[in-house]
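As a starting point, one isolated chain is supplied in structure tokens, in the form predicted on its own.
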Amino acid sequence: MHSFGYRLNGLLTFALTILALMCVITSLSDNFNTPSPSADIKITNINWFQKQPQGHDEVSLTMNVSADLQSLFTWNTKQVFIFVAAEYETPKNSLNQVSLWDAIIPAKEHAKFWIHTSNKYRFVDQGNNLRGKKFNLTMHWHVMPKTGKMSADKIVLTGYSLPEEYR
């Protein structure tokens, strides 16, 4: 007969093996989800557009951000981190990204939203490259699961431009 310790060891090994298998199946099941999120961002006002004393351009925007990200949530989703970035080109860099606003969506019930906000973070270009600049606003998201690997994607919204003169 086996002692109590051997029996407990066998039971714990079996339980942990089943738990690990369930975690693998859980993370693989997310591959079958095909999300179809939507987003729209409208710039309602350019609050100010100025040249800083150091010579850098800075912009303050007011925007309406609306999105339906409910399809990103499955039973394995813990939360979704989203952020809006301004993306543009300069002669020095082919891609410049400036984060303007972010949020954490903790549940599916909060994943369909509309918000009127100013940029949470400063929109500054190290130089004077923003006058008359065309740029994209991109909504990025990172899905954080309860188990498994994180996934990320984005929606690029085009057709935005800044004024030719400082205000």
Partner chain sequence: MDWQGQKLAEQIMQIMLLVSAVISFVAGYVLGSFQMMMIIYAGGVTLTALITVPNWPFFNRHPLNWLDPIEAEKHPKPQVAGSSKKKGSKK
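Treat the numbers as computed from the prediction; the structure is a model and nothing was measured. Numbering follows the first chain given and starts at 1.
Quick note: we don't show the form predicted in complex with its partner chain, though the next part is all about it.
When contacts are judged by a 4.5 Å heavy atom cut-off, S151 does not count as touching its partner chain in the model of the complex. Within this chain, G159 is remote from the site of its partner chain in the model of the complex, having no heavy atom within 4.5 Å. In the model of the complex, at least one heavy atom of S29 sits within 4.5 Å of a heavy atom of its partner chain. Contact between N76 and its partner chain in the model of the complex is found at the 4.5 Å heavy atom cutoff.
Only one of 29-37, 113-121, 52-60, 134-142 places residue heavy atoms within 4.5 angstroms of its partner chain in the model of the complex, namely 29-37.
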